[in-house]
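Take a look at this single chain, the form predicted on its own, given in structure tokens.
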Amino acid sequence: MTPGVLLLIAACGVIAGLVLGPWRPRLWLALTSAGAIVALVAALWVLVGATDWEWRSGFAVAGEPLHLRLDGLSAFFLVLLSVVGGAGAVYAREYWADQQHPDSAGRGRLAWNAISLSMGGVLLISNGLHFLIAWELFAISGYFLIVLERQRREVRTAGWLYLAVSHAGTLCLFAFFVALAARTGSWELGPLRAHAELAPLFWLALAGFGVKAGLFPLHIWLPSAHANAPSHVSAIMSGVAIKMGLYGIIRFGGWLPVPPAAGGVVIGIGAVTALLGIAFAFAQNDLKRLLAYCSVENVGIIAIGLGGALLGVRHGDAPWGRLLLAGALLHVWNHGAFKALLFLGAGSVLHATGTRELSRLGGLARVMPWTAGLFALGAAAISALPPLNGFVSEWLLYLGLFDAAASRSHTAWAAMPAVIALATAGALALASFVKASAMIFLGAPRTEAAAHAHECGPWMRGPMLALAGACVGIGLAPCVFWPAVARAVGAWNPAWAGAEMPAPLFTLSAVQFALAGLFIAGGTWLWRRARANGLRRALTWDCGYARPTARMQYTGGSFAGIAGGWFAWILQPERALRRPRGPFPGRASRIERVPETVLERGIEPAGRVVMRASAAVRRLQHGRLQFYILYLAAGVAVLAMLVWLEGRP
């Protein structure tokens, strides 16, 4: 048995699930889960020491022989696809069942396997033409997953925006691969670092893959798509799909020569993306939109590590560059695990209450203890709190950035601002998830739907437990996962292969275990003491009132008020205030909305100008022949004038 045979078995399982999925949900789940597990085994096989797997077909597909490659880097991302893809499929069994969604459940299963196959193809294909085909299939299947509830207008709008922006990115990638093929004389992909003339193509790759990754300001499709898609779809879109964009940047940043400024530019984009992404997240009242913007922040964090690695390559075999790449790659896994967990938790809340607005939730911890506990664990992980996995990857990034700053080279000018941005983003992420967790699970229910919520069933709870286990496992034993990270680092840059484990990682692992023990012991002691003294439950924020009501509680606006003021220049909040007036005042209200600033204040006005100009030009086409002759004469006159001006001494 080889990784290639395992991949073939996995592909057969997923393809069979794709064909049978619309009609046989149980068989679909069995085939899809089996495919995910076998693909996971194949990827781990390569990561733990097997040689890279490579295969070339003897036949042609679209005029080119098929070339597949599974090396350390593609295997690293394939692990993420297998875990989140399998967990989402199991979750959908209860969350998007045929009984509740008879019109779309079958289509959802078909599109789920299509996106899994196409993303797997993106990771394995080493031919530019076939890569573009797989990339396009990935974009289209993602569209059909997003618009599963196509009867809703906002869902159709989100799907259209996703498709339009995805194709703008695909145009960049089409130009990138065509230029690459024209300059090398082949569609074959592989290491080409010796060809210095290819370096400018890195910018095309950064733009094309950056759209899918959600780098600021190319992220405009991401918040609405993730918010309006079903939650298991949001989980795979945020946990895996945007990582395909990062995979492209990392892959071609390793295979191709890059311009000298690439490292600094990528670090800068990463810092801006992290900071503004979490600022937008903090201002949201929509739970899934908050999670979507937080994905933008984490993409920025990964980009900071990648930019540092590019700087490390430019400065020779810099140990801090290797450390930064390791931190970025580990954060790819970590973000995939805790963000998928959080989206599945949000789906459980939405399934139970029918709303994702924070201001209409509250008090769910009493009726949804499993969801509350698992969401809190995911929130702690994404806030980089020890002893969980988010802390480990961000700690590696901090180590690399501090080492880069201590090198006293020009990299210090890029490393120190990145440290400040990373720290600020971390603080705002913690505040954002304190706000979200408190608004959803603490206090009193703000609506009847929240008051009558119910806990999710085992098919939804199981995948959340598995993802939570991954967060805890990587957090407590990062040493176990280091060989896989080192293998991916070596695949990106062979000069960095065989990197030894950083000595502080052993110490960190011991500290994480000790902290976990302290938390468990302290929690157990507090619980026993409270029970011994007579546990009395009370509402959060009851402020000592004998009869507190839900209206006395903190709101999302009160949580985010100060930080929202710091970033008002980019958030551009819209407020509608009706004050109480007169001796018998009517209803007072205060409504605040944070727009999609880049989209609504930048791209949409520019689009309206283009549409008005197009409408004006269209008036020139009216079917009158004499006017067409006049246009032709005017064009010839202008051309003659230009020729005459060019010929003047």
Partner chain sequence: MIAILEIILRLALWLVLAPLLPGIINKVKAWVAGRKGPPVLQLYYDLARLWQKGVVLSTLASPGFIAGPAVAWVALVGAALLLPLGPAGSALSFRGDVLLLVYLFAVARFCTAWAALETGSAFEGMGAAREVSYAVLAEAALITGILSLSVQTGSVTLAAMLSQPVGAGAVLLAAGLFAVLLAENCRVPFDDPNTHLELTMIHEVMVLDHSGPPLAAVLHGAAVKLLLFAVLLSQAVLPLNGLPPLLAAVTLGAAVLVVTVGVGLVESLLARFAFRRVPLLLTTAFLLCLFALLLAWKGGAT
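For clarity, every value in this text was computed on a predicted model and none was experimentally measured. Between two forms, the rigid core is the largest collection of C-alphas that superpose within 1.5 Å. Numbering follows the first chain given and starts at 1.
A second form of this protein, the form predicted together with the partner chain, is not displayed here; the remarks below concern that form.
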Q.
What I'd like checked is whether 398, 412 and 559 together line the partner chain in the model of the complex, meaning each has a non-hydrogen atom within 4.5 Å of it.
A. yes
Q: Only one of 451, 350, 477, 552 comes within 4.5 Å of the partner chain in the model of the complex by heavy atoms, so just point that one out.
A: 552
Q. Of the residues 171, 539, 568, 181, which one places a heavy atom within 4.5 Å of the partner chain in the model of the complex?
A. 539
Q. For the chain shown here without its partner, which stretch in 256-264, 222-230, 209-217, 531-539 has non-hydrogen atoms within 4.5 angstroms of the partner chain in the model of the complex?
A. 531-539
Q.
At 4.5 Å between heavy atoms, is residue 507 in contact with the partner chain in the model of the complex?
A. yes
(Q) Under a 4.5 Å heavy atom criterion, is residue 126 part of the interface with the partner chain in the model of the complex? (A) no
(Q) When the contact criterion is heavy atoms within 4.5 Å, does residue 391 count as touching the partner chain in the model of the complex? (A) yes
Q | 4.5 angstroms heavy atom contact with the partner chain in the model of the complex for residue 462 | A | no
Q | Heavy atom contacts to the partner chain in the model of the complex at 4.5 Å, residues of 385-419 in sequence order | A | 385, 386, 391, 394, 395, 398, 399, 402, 403, 405, 406, 408, 409, 412, 413, 416, 419
(Q) Using the rigid core as the reference frame, would you say residue 480 shifts its C-alpha by 2 Å or more between the shown form and the other one? (A) no
Q) Any CA movement of 2 Å or more for residue 576 between the shown form and the other one, core superposed? A) no
Q.
Aligned on the rigid core, do the two forms place the Cα of residue 406 2 Å or more apart, comparing between the shown form and the other one?
A. no
